Ligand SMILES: O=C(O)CCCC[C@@H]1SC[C@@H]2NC(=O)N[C@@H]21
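Here you get one chain, nothing else, as structure tokens; it is the form predicted on its own.
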Amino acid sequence: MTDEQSTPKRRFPAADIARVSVFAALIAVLGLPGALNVFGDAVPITLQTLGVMLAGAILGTWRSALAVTVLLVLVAAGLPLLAGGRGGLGVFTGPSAGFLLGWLPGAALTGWIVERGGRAPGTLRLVIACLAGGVGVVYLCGIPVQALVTGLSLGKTALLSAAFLPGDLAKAALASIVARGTQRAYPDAVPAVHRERLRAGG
């Protein structure tokens, strides 16, 4: 048996573990400025969705989803990593539960759209990806759960959530600019390039 046969190929490189950890930490750090509740909404406005968008746009589909998963698992374990120092299983039964769980498919969809942009995804694609995943998917998951938990109608809950839109649009624009700058400075960091290298075994 050759060394190549006896040594299984690593499926999860150390560099990917590091990137996933960094972005899980980034999302947590973006919660440090705190949370803001407006118009009596039970779900606060935070900067953490910016981290979710950045993870998707820079890491791609599966690594961004894993980064969010790591964060949510740590939160469930009781670490106060959400804005306002929140943590524990209780946050997953509250009004913001759907938004939190929506981070996972939101980051993944953002990454998936960016990956389809090839080796040089343009700024417009990045903006669309952040809006679709970081805003659209998160709202689709969050608003129905918030309505269910609070007992408000779906329409009223959606209206309350409209207060998030200006900030989320700004976050999508900022995430796109940062991601585009990162990809220009480090072409190998483009999600599609990383995926191609993994497929090639490099």
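Residue numbers here begin at 1 and follow the sequence given. As the structure is a prediction and not an experimental result, all values here were calculated from the model.
What follows is about the form predicted together with this ligand, which we do not show.
S.K.: Indicate whether the candidate residues Ala65, Trp112 and Ala172 are all in contact with this ligand in the predicted complex, with contact defined as any heavy atom within 4.5 Å.
M.R.: Contact check failed for every one of Ala65, Trp112 and Ala172.
S.K.: Looking at heavy atoms inside 4.5 Å, which stretch does this ligand contact in the predicted complex, given the options 56-64, 22-30, 164-172, 148-156?
M.R.: In the other structure, the partner sits against 164-172.
S.K.: Considering only heavy atoms, tell me if Pro44 and this ligand come within 4.5 Å of each other in the predicted complex.
M.R.: Answer yes; at least one heavy atom of Pro44 falls within 4.5 Å of this ligand in the predicted complex.
S.K.: Tell me, yes or no, whether Leu100 is in contact with this ligand in the predicted complex, where a contact means a heavy atom of each within 4.5 Å.
M.R.: It does: once this ligand is placed as it appears in the predicted complex, Leu100 has a heavy atom within 4.5 Å of it.
S.K.: Please determine whether Thr49 contacts this ligand in the predicted complex, using a 4.5 Å cut-off between heavy atoms.
M.R.: Because a heavy atom of Thr49 falls inside 4.5 Å of this ligand in the predicted complex, the answer is yes.
S.K.: Would Leu131 show up as a contact with this ligand in the predicted complex if we use heavy atoms at 4.5 Å?
M.R.: No, Leu131 is distant from the partner.
S.K.: Which residues within 125-153 place at least one heavy atom within 4.5 Å of this ligand in the predicted complex?
M.R.: The stretch 125-153, when checked against this ligand in the predicted complex, contributes Val138, Tyr139 at the 4.5 Å heavy-atom cut-off.
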